[in-house]
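Presented below, as structure tokens, is a lone chain in the form predicted alone.
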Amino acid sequence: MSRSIWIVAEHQDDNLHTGAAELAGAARSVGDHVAAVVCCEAGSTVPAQAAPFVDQVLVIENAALSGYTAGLWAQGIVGLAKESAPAAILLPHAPLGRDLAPLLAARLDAGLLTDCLELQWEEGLVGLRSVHRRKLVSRERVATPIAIATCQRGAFAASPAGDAAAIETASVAIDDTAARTRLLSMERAEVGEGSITEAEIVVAGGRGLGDAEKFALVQELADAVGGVMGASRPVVDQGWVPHDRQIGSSGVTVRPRLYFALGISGAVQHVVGMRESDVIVAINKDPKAPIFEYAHYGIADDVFKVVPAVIANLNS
């Protein structure tokens, strides 16, 4: 029997969010049929953008859906889900998912898993998620016919693009007079450094670097290799770098092609956020540091001797 998993396609300004491919990958890990649900206005190109990553695109089309509001999106998705009964509906663990997922779960009387790092299927959707202030990983199963889950960005491999799936417009009535909130306007935040979860090269530093001033070496190497800077939780707790640079169970999960771990011991809370990197290079003067168990290349030496030599070689 085919198991259909739906993903809710996040989009803005008629552009599909890049994380949709990862969400499709998460769906493929537990289902044999993946459908993207797109809430949009007529004429949107988002359904076509989602089509290469899924097996089917279900479009809920209405002028009232041009901008995101939880009530109207939920109205459409719930109506469609009651007709088609997917095994699970996945959303990104981002503002959209944190807002919309509980509403879908309540209206569908469905079990809800949030911030999942991994998905499995065992007579129902099973999610692995961090609990108890991110110190433990919990394995939980949804017992209801339909499961709702939010997935942590960067934790799942993206579904490869293939042939464009069929796009179907669903006949779901939207009563825009029932909306309890309405989108009035949006203000753009200043564009800063690129998202660490989407970077192909990440250079992360840990407490072993010593202090905030010495942490500048991490940024210097990141600049030299064309990457972005990351950090372990102790560094963020010390205030050396902003929280949005934190990698690990209490930060973000990354899957870059190349990951440098500088002065990072390799506590499990950090490793869970970077262990799926294609290539991991660890530099730590402690040869017994746990990080070396996960590294593809390890250098047991002083970061402040090795990294400047690497940078000099790159710049020569």
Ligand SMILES: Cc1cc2nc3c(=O)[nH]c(=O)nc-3n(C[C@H](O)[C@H](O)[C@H](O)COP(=O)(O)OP(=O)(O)OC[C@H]3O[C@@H](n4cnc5c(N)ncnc54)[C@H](O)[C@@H]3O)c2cc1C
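Between two forms, the rigid core is the largest collection of C-alphas that superpose within 1.5 Å. Residue numbers here begin at 1 and follow the sequence given. As the structure is a prediction and not an experimental result, all values here were calculated from the model.
What comes next is about the form predicted together with the named molecule, which does not appear here.
- Every residue in the set 251, 286 and 302 has a non-hydrogen atom no more than 4.5 Å from the named molecule in the predicted bound form.
- Comment: 286-294 is the region of 54-62, 24-32, 37-45, 286-294 lying near the named molecule in the predicted bound form, near meaning a non-hydrogen atom within 4.5 Å.
- For the chain shown alone, residue 247 is a contact residue for the named molecule in the predicted bound form, at least one non-hydrogen atom being within 4.5 angstroms.
- Although the partner is absent here, residue 139 lies well away from the named molecule in the predicted bound form, with no heavy atom inside 4.5 Å.
- The named molecule in the predicted bound form is approached by residue 263, whose closest heavy atom lies within 4.5 angstroms of it.
- Remark: residue 234 counts among the residues lining the named molecule in the predicted bound form, judged by a heavy atom distance of 4.5 Å or less.
- In terms of contact with the named molecule in the predicted bound form, the residue from 154, 208, 79, 111 that brings a heavy atom within 4.5 Å is 208.
- The listed set 49, 269, 277, 69 contains one residue whose heavy atoms approach the named molecule in the predicted bound form to within 4.5 Å, identified as 269.
- In the predicted bound form, 98 is the single residue of 90-106 with at least one heavy atom within 4.5 Å of the named molecule.
- Core-superposed comparison between the shown form and the other one: the CA of residue 30 stays below a 2 Å shift.
- Core-superposed comparison between the shown form and the other one: CA of residue 43 displaced by less than 2 Å.
- After superposing the rigid core, the C-alpha of residue 235 moves by 2 Å or more between the shown form and the other one.
- One change in the predicted bound form concerns residue 11 and residue 273, whose Cα atoms lie at least 3 Å closer than in this form.
- Annotation: residue 259/residue 155 CA-CA distance longer in the predicted bound form than in the displayed model, change of at least 3 Å.
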